[in-house]
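Next up is one chain by itself, shown in structure tokens, the form predicted alone.
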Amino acid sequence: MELFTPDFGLVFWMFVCFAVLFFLLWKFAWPAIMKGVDSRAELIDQGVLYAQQAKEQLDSAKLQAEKFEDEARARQAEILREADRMKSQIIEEARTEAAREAKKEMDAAKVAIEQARKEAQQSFRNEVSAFALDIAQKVVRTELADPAAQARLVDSILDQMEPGK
């Protein structure tokens, strides 16, 4: 059992080695370790701060992008309303112009129809007059062949010309 029960000398030297090692670590290694841990903590804090700033910038960029999208949508809606208004205006102008042109064509057609009607009436009158003259000429020739009939015709014309009768 000697293996399991240490001697006083062994314990003493183990304690001395431990104390020297502890003193060396406390004097030299512990400040370096603490410095490394502190720099690592500071680096982590800076990383967290940068991450927070980046998150704030990202949120700001998102808000700005949403604002631009809203402005773009509003502008798109305004452009669509303006295009619709212009379309309606163009259609109304085209209707007005078409109505004006149709009225012009109708007026021209009425004038042409009236002119054709007058020409037809004049042609009809001319033909009727020509027929009447032909008939009158034939009647007058047959009636005026007799000298007594000629005298009666002259007397009746003179009677019609006299005032008062």
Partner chain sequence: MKHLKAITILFLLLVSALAVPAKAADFDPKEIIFEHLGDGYGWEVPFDHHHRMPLPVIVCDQSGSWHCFSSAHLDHHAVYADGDVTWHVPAEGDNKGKVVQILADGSEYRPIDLSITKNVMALFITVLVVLAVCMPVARWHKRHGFKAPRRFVGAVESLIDFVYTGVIKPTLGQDARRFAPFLLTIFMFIFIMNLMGLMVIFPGGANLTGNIAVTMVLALLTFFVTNLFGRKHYWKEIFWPDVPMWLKCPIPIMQVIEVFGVFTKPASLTVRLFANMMGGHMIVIVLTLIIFILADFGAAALGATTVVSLLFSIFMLVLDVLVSFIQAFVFTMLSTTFIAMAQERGHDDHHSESTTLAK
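Numbering follows the first chain given and starts at 1. Given the structure is predicted, the values throughout are model-derived calculations rather than measurements.
What comes next is about the form predicted together with its partner chain, which does not appear here.
Judged by heavy atoms within 4.5 Å of its partner chain in the predicted bound form, the contact stretch among the candidates 27-35, 60-68, 129-137, 95-103 is 27-35.
Among heavy atoms of S39, some come within 4.5 Å of its partner chain in the predicted bound form. With a 4.5 Å cutoff on heavy atoms, A109 does not count as touching its partner chain in the predicted bound form; it lies far away. In the predicted bound form, at least one heavy atom of L43 sits within 4.5 Å of its partner chain. Although the partner is absent here, C17 is a contact residue: one of its heavy atoms lies within 4.5 angstroms of its partner chain in the predicted bound form. Contacts between 7-27 and its partner chain, taken as any heavy atom within 4.5 Å in the predicted bound form, involve D7, F8, G9, L10, V11, F12, W13, M14, F15, C17, F18, L21, F22, L24, L25, W26.
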